[in-house]
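Take a look at this one chain, the form predicted alone, written out in structure tokens.
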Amino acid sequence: MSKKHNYDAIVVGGGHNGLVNGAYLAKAGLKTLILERRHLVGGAAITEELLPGFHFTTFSYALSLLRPEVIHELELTKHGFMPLLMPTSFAPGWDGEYLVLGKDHNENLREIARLSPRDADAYEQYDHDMARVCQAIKPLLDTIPPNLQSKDPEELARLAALGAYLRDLEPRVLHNAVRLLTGSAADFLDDYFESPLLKGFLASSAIIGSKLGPMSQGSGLVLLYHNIGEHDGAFGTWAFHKGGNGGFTQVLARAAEAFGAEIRLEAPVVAVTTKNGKATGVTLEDGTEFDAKVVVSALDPRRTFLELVDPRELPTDLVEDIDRFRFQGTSAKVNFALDGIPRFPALGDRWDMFRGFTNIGPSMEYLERAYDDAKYGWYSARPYIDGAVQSTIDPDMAPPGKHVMSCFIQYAPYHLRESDWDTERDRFGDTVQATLESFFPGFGDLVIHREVVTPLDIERVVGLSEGNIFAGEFLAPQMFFFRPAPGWNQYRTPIKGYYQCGSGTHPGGCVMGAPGRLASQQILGDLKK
């Protein structure tokens, strides 16, 4: 039998939440080991040189909801944290129509007024209303939810405080919050705007990563979630990171190691070891064993509860809840190495609009039709595309004069009707490329290399069940109190000393770090008790 190694805490999975969690535990003085099954840390937030000189953000490609507390408390700037703010957002439409938004609010209003003077006025109100709801909901992202099943006086007091907080919100703010949390993005946006292009641009944030169309109940929640993303206190502000998201997770790794955490690569964990209902350590694929009084899974709920431990050690109702937990991944990536910048005919040789997200979704109806294909088990004939030519603001991502373009695609359902992803990979890539060609004539002539990443690839490579990028759907019954299961929303599991910190826990997915941070608070609080 292999020699055992002793630690205070072991984190299974070196994705961004695992790194954040391990860094906080090490900072608190625990002898911490982070185990990653692949040859590099980062999980879905990695950068790879798949073609000499071209660096691809293979999966996740933007800093979205990264919590400011993580940056400051883990001293990330000391370890190379370098966000690159996106100067523009570009929404090309049909027949030469377009929308280019930037950092100048007044200029944005003039740009919207080209499409609809009425919408320019409405945008002020929409921006104000959305910001107030975000401000109201934001504290919940940075708070461990109360446990609805607990009779502990402290938990009951926290639940009462939450009720009082919601009761004290202004009625209009609370009403808008309820509409977004329970309704559709289309209903909400239709109250403000008339321009199809503007509505398509805004509604795209309501479908990313979820098996929902903008007209589906529940898409309002996704819209709200993505708008809470912030940078320097400004809601809805996203950024790239120098070197892509892999550059960011390398920063996290350096921070974790600076606090004393040990990181081991190519160390796949096959089991969490237990004794008398308590976690005692982990076993690797090669038989190596590590002992620890705390084990933390940064994997998704299916792997945390049904693979790393024997489900027979868990309550039957929890196993049933995890069996019912919805993953249903619907997202893919197609990454391009390009010989130059795409050209949008209506803007001539202008290229500065590519210095952020390029939003291929010219109306809510376009997005809904793309969703129609997914509802019946097929990828979109005309997909929604969130493109990012990252080399425009980070020239080191590509050789001089060349570019990399990361394209996030909806919809690409994990379960295909009458086919499979290994069969459809190239045809899917052709569909995406043809869609880009329809907006940017000559796009195909620029393509040097194309990488197609299907939901099946996401599951195989990163370990996210069914390729769901959020480690579980953003549905109201799977959020806050209920993520990942009622009664087990506080990062604990029924096995003493065994915790969870992945995106399948509150508050959810995106590169935000909050699950890792909040789980560390729960763990350290339990250890003090």
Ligand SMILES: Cc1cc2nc3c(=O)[nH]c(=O)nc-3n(C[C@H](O)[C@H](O)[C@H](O)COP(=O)(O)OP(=O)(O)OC[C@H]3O[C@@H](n4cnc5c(N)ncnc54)[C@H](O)[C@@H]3O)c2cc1C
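Keep in mind it's a predicted model, so treat the numbers as computed, not measured. The first residue of the sequence shown is number 1, and the count goes up from there.
One more form of this protein exists, namely the form predicted together with the named molecule; it is left out here, but the text below deals with it.
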Contact at Asn17, Gly42 and Gly502 by the named molecule in the model of the complex, all three, heavy atom at most 4.5 Å: yes
Sole residue of Thr304, Thr330, Ser219, Asn245 within 4.5 Å of the named molecule in the model of the complex, by heavy atom: Asn245
If we test each of Phe54, Tyr498, Trp488, Phe470 for a heavy atom within 4.5 Å of the named molecule in the model of the complex, the one that passes is Phe470
Against the named molecule in the model of the complex, would Lys31 count as a contact residue? Criterion: heavy atoms within 4.5 Å. no
May I ask you to state whether Cys510 is within 4.5 Å of the named molecule in the model of the complex, using heavy atom distances? yes
Using 4.5 Å between non-hydrogen atoms, is Ala206 touching the named molecule in the model of the complex? no
Check whether Tyr123 has any heavy atom within 4.5 Å of a heavy atom of the named molecule in the model of the complex, and answer yes or no. no
96 to 104, 77 to 85, 255 to 263, 295 to 303: which one contacts the named molecule in the model of the complex at 4.5 Å, heavy atom to heavy atom? 295 to 303
Partner contacts for 18 to 37, taking the named molecule in the model of the complex and a 4.5 Å heavy atom cut-off: Gly18, Leu35, Glu36, Arg37
